[in-house]
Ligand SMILES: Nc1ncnc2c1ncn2[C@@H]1O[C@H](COP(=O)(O)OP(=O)(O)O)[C@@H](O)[C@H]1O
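Here's a solo chain for you in structure tokens, the form predicted alone.
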């Protein structure tokens, strides 16, 4: 009997990526709602990052897609095939869903060599010895770990173990790959290197890839598409650039976009921008909705775009109080904690001698501010 976190993959050499569709997916653990009516689709060949805080249901979602967790209701489709439907009593077994999965713990067999770990799904499927050797050798070479074939997991670094787990998931070339925070155990520099390798691999194989993470930077590095989750619910989904620039709600603006939010009331609008009275003064902003004058909105400002400087050409000027210096940035600029409208956030200046308690001016372009629904 196979352990629960091992998979057997069918359709070796499949060249046709499958789109994934999830409709109304709900999962309870006792009285806890782990998934609450999740509905989304994944474009074929895309790298989709599922982003949310710990405990929001991300891993449960992956396990339901893989088939090792049974939802209470909803439907899951891989391509044109329904693999789960509560309405039609369909629940295809994990080994027949044609997905590969890499767990956060990697789940490598400690008593098997790298070669045998990767070959295991093929041997269970009774693949011929010649085909097994060819397929294992190919995937090890593709991931740059062919020299580790004779080693055991205990003899590998974290990054090497991660590649072996990935090789095992890819050896049968499944058209769908599920990754559950596979970089969480790596240091920062290794995470970036492995992330680049993952992205390159996904693009070259055109795999439908779903990547779970609580790390915003990882989601932005990797995701063509992003799904934002919280408390088992889908909060937002779409192309990464669009969600960053035009977040549909406050949670997405804050959690994904890293925005500081201020309450405001829309005063007027023209063809390009809206004018909003906010807690920190009147601001000219972009808008994600067709708000009418008098509408209550939130203004999102990305901290990365906040500069302490006075510019006559800037559409918006905001007065802040310097609270403390945080440190020096790689480009030689200085980062400060500042306060405005009762909120503390960071801003950058070319000057390193701004005293605590002093007032300063922020210059913000209208394109760096966005009005979103206040809900």
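None of these values were measured; they are calculated from a predicted model. Numbering follows the first chain given and starts at 1.
The protein also exists as the form predicted in complex with the ligand; that form is not presented, and the subsequent description refers to it.
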query	finding
Heavy atom within 4.5 Å of the ligand in the predicted bound form - residue from 60, 349, 316, 46	60
The unique member of 310, 54, 329, 324 whose heavy atoms fall within 4.5 Å of the ligand in the predicted bound form	54
is_contact(residue 320, the ligand) in the predicted bound form, heavy atom dist at most 4.5 Å	no
Non-hydrogen atom contact residue 64 with the ligand in the predicted bound form at 4.5 angstroms	no
Proximity of residue 34 to the ligand in the predicted bound form, heavy atoms at 4.5 Å	yes
Options 37 to 45, 338 to 346, 302 to 310, 24 to 32; stretch whose heavy atom lies within 4.5 Å of the ligand in the predicted bound form	24 to 32
